[in-house]
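Next up: just one chain, as structure tokens, the form predicted alone.
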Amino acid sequence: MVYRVIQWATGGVGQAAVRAVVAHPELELVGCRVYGENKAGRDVGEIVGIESLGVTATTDTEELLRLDADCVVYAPLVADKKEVAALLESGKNVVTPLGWFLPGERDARLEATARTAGVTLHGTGLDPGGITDLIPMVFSSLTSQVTFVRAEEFSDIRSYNAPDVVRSIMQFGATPEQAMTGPMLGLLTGGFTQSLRMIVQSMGFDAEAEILPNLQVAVATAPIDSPIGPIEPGRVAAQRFQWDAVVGGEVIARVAVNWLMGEENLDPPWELGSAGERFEMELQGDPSISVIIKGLQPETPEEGLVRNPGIVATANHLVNSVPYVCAAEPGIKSYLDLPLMTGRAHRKVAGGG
């Protein structure tokens, strides 16, 4: 069976998702929502830098709501709940990296909408939506008596090719006061809290665990060259976001993100460490397990500005989930509800039939 897919937005994740849909043997791209007039009316293949696909991008939401499609890969900069509800009401399944990793009481109305329409909403991605929940859960089956879980990202943010986001939302180059009161901690907390709750729920930790968010910043001690321009002394050049699940004063699970604008001229003098850019996962149990995941960050910041593997991996996780989400029972479904999801073989080594 071939599932008909609409790509919603063509930023970094959206463009990588289009390429992944084209490469997936069970998917067909049939529509694309864009936000810039310079993209509207153009072939989607041209927008993402591949061959013509015969699909024209549009800014017309109503046109896409009417379009016959099985699933929407929903990846704008910020999620619009009303828009997601409209997509579900139109009879389309939705996969997104923007939340809904673990449904809760706050999602009751959207859950009802999906069930009534007979479709499914699934949140997935990389961090959160994979490294911080799925990977620890997979490795937890190899141990017992778990007392602590940690999932952590270490990234050079110079490789992230979204200068407006880095400057205006992430608050790099801002004063420490601006960064500490800026929007980023709030934007991230929803997703990472769901990751922690999924770990707590799936592994049987105390369901009353308290989630404590924390943000620390480091500032430049000398001008730092960056893709958003020079970061002047005293301005934010590194950030660490951390969320702890606490039971009885003891941290039982932690997810954290370390974003550095390089490793030079920082106060405090943070470093990525000898392992460089990476994702780490740790389980303390019997036996204890530690895992370092490489390959999801570029070798150099310059390479990342051209093609960031983390962005590609996020898009792939979305796209590879489409057949499973389309086949799922209606509602909001997490990894706890869906079967093992896999990628697909390259066409040159794929079997027939």
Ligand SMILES: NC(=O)c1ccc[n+]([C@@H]2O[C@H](COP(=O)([O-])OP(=O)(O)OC[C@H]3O[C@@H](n4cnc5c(N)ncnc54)[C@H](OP(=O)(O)O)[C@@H]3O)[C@@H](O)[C@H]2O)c1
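Keep in mind the model is a prediction, meaning the values are calculated, not measured. Sequential numbering from 1, following the sequence displayed.
Form predicted in complex with the ligand: not shown, discussed below.
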Residue contact check: K39 to the ligand in the model of the complex, 4.5 Å heavy atom
yes
Are any of the heavy atoms in A9 no more than 4.5 Å from a heavy atom of the ligand in the model of the complex?
yes
Is it the case that T314, even though its partner is missing from this view, gets within 4.5 Å of the ligand in the model of the complex, heavy atoms only?
yes
Using the partner position in the model of the complex, report whether W100 sits within 4.5 Å of the ligand, counting heavy atoms only.
no
Though the ligand is not shown, can you say which of I157, A209, A75, V84 has a heavy atom within 4.5 Å of it in the model of the complex?
A75
Within 4.5 Å of the ligand in the model of the complex by heavy atoms, the stretch out of 246-254, 136-144, 263-271, 91-99 is 91-99
Taking the ligand as it sits in the model of the complex, which residues of 10-38 have a non-hydrogen atom within 4.5 Å of it? Please list them.
T10, G11, G12, V13, G14, R33, V34, Y35, G36
